[in-house]
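What follows is one chain in structure tokens, specifically the form predicted alone.
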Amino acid sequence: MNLEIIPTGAALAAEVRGLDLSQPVDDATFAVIEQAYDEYGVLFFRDQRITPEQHVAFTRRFGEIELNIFGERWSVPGCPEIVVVSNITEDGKPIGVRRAGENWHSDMCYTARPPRGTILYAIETPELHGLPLGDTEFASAAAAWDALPESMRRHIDGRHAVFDFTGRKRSFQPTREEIERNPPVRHPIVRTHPKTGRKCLYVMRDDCTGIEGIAAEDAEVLICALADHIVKPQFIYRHHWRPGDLLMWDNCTVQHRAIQDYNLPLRRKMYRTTMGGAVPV
């Protein structure tokens, strides 16, 4: 295979060309992919045609699959590891989670062991007279850390924030059991990537509800300031989806949000997996 890694030119993200993910990926090729994943934070593969089983198998190369409440409600039949993300309804019922991820966030940050990464495979994507809709934006929380003034770095490095499952408005009402299964947790607001050693900001509105050692009002100001800093234009890559895209992102160094600029009869259908949970450090 003539494998190519082509950076987007943004602060993050690269395209991988010359690889058919429906075929086995040998260890040497996988090592190149994994190194690029750690370096660029976002990788995407165009024009893929894979089965749910192949999607799951590729995900497991990066770590054990993390199940979450979306999968308990909306999963691919026979593949509970895959969450369906879609606006499509059948027999009057949604086939997947509809309005997920509209605000900037890192997946499952409210858990004690957030996933290493997320993989999203595009089955159907909306477009209007050739204009692609339903983009996803990605922000480099590592580049955002690099750009902070030294005084701010000293002020926040080593501090921990509280992340609360109930802090964010969701597209569905979680049950009492789901809330009890996800109690508030503490994570460092400056994380270190376990492979590259690169530091990044791990702060976001809603999910991050306070910072230890800082008064609530001051903590809210700091959280908002850092959250806004992470998503400045110079740190962002915006992905225009096409059917057959498989895209993966690193949940340590990358935050993302879904652009909800479409509705039925324009259809969107994605398959999502998350993998490799670890305690943030």
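Residue numbers run from 1 along the displayed sequence. The model shown is predicted, which means the values in this text are computed figures rather than measured ones.
Note that the form predicted together with a small molecule isn't included here; everything after this is about it.
- Residue in contact with the small molecule in the predicted bound form (any heavy atom within 4.5 Å), chosen from 133, 100, 148, 79: 100.
- Of the residues 204, 161, 200, 120, just one reaches the small molecule in the predicted bound form with a heavy atom at 4.5 Å or closer; this is 120.
- Heavy atoms within 4.5 Å of the small molecule in the predicted bound form map, among the stretches 212 to 220, 251 to 259, 226 to 234, 32 to 40, onto 251 to 259 alone.
- Interface membership of residue 191, defined by any non-hydrogen atom within 4.5 Å of the small molecule in the predicted bound form, is ruled out.
- Taking the partner from elsewhere, residue 187 is found to have every heavy atom lying beyond 4.5 Å of the small molecule in the predicted bound form.
- Contact between residue 144 and the small molecule in the predicted bound form is not found at the 4.5 Å heavy atom cutoff.
- In the predicted bound form, the small molecule sits within 4.5 Å of a heavy atom of residue 105.
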